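What follows are structure tokens for two forms of the same protein chain, given separately as structure 1 and structure 2.
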Structure 1
């Protein structure tokens, strides 16, 4: 359908969204205040509380068949073997057999955040910064802001008295930041149950490449997350008494971690390069068209530490080559001051972003063998154990199907420009599962910008992206509903 035919709808809908801005920000504020950190076992009740908060919101908007689906206990490695996984929030809005059904996925869990990390404001308070016109707080852009956008677009239709164009199903999970544990099985079970009849899946959980141009995303890297544990003495020891006398786990671990990747980002684990799909001649064309620069990368990272200087090199290393990042060490001394301790047991955490055609199981074998060999070479009397914590698949789709066409038209209506078609360096582990189990296409429709600081300190969402992002969700649903194909 042409934009002209939908103009009367948008002329009513968009001013309504503008008018509801204070209410939308208020709902986001309440949601951000719940510290739903999925990786912190002690905060699991907060993750559940946020699921209940969302269920209440959905109920007040008239969603029906609201279910908090339990996923059982969290698999190892976990401190509390009875720890329950947070529920998946399923709900429906509309049930008209003449309309298409769109499943919207988002995650309500967030990354950890503490003032000590360097935040300027409390991470679990949504600060409305009038000067910058930004909403600051953990989850503002990843993914609480976009997730609540789906609720807001329903509210805007109700208030404006506009018929909702599709049947909507929500699938909001609370473990995305920790590998989407349990969700794959739930989707498998519900493919012919709750999710029967789904025509399309839309996910708003990634970002524009830069800060100015909207994008639609047709690819993600996967993520295999590993832990390597080195254990020695039975308790932490005084380095004055035991230093130089016993083998230190932390020293062994540092050597293992530094054997994984070099300072130029080259992965040193043998066999990985051979699994990566070769670059095709045609592929080079893709990068030329994309609006991005080294300067934008530097601005987003707040530094001049880029490993590559050209747009093509940067994008290829973000989208289509694997990368290995070292995240941290559990059990090590990391606070201020000068504690003279020898940690007894340390867990080094690292992950590998995966790309076509890497095989997760084969990769894990290579990683475990590499860590064991690196440790063996040290001749240490300590013990070492390397293991996979979770893996999530990469995903690449056709960016010209009915969903992408609808989203492209919507972007032109809301932002007045044709979106760039991008891939993403990050991961949304469940994307491929939706595509395969529901046999539908998946569209990634980002709300925030590349400099939002997701997973970092001072995470933000520009108010304009929040409001335009809600309009974009609405416009996409209208264009998709009117599209002749699925």
Structure 2
């Protein structure tokens, strides 16, 4: 359907959203005030409280079949062996067999935050900064703001007297910041139950590439996390007594880690490059249109340490080529001062961001073989063990399918520009789970900007992004409802 045919709808809907802005901000304020930190066991009651708050909001808007799905006991490591996982909030709005059904996913848990971390204001008090036109507080952009946006668009339709264009299903979880424990199993169970008949899934848990232009995201890198352990003496030793006469695990580990990747970012493990899908001409054209520059990368990193100089090279190595990052060493001295200890056992942590068409099992075998061979070359009497800690698959969709086309039209109506089509270097593993289990397409529809500081101090969401993001959600649903196919 063309924008002209939907113009009368938007002419009523958008002003209604503007009028309700104070109410929408107030709901967000109430939600942000609940410190739903899923990684802190002592705050688990607050996570549950936030789920109940959302359930009350849904009920007041006329959602039905509202369920707080329990996920059972949280697996170790936990201090409290009886700790219950927070519930997943399921609900429905509309049940018209003649309408398409869209499932919207969001998470209501947040990252830890304290004033002493460096916040300018109390993190669990939403601050409406009129000078900067920003909403500041933990969860404002990740993901409480976007999540409540789905509730607000329903209210805007009700207040404006506009028929809602689709059947809406919510799936709001409370453990995303702690690994989405239990959610994958729930989706599998409900694929033929609560989620039966879902035509499309929309997730608003990502961000614009920069700060000026909206985007639609059609791909995510996966993540394989590895550990290589080198063991030697039974206990830590004094270097003045044993230095030079025993094989030191830390020395062996450093040489193994340095064999994985060079200083230019090139992965040195044989066989990985051959697994990566080649760049097609159609894909290359997408990168040419994207609004991005080397200066934006330098600003984001706070340095001039970029490995690539062109927009295309930067974005491709950020999104569609694999990367290997060394994250740290466990078991070694790392504090201030000088400690002359020889660690008895050290664990090196590193990850590989995966892309099409990399197979996780084959990749792990290549990694383990490489580490074993690198260690063997050292001729050390120590022992070495490399292993996969966890993996999450990459995801890529068709950026020209019905969902993305609807979202592109919506972006042009709300923002007046055609959105950039982007991929992201990070992972949202649940994206692939929804796609595979529900056998449908998934759209990543960001609300916030690239400088929102989602996991950092002073997290914010621009008020214009909040309000326009709600309009975008509504326009997307109308365009998708009118599309001729799923």
Ligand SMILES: NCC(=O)N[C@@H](Cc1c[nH]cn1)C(=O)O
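Just so it is clear, the structure is predicted and the values come from calculations on it, not from any experiment. Positions refer to the first chain, counted from 1. In this text, the rigid core denotes the largest set of C-alpha atoms whose superposition between the two forms falls within 1.5 Å.
Taken from the form predicted on its own is structure 2; the remaining one is not.
Core-superposed comparison between the two structures: the Cα of residue 152 travels less than 2 Å. With the core superposed, residue 179 shows a C-alpha displacement below 2 Å between the two structures. Relative to the superposed core, residue 260 undergoes a C-alpha shift of no less than 2 Å between the two structures. Comparing between the two structures on a rigid core frame, one finds that residue 230 has its C-alpha moved by 12.4 Å. In the rigid-core superposition between the two structures, residue position residue 326 carries a C-alpha shift of 7.8 Å.
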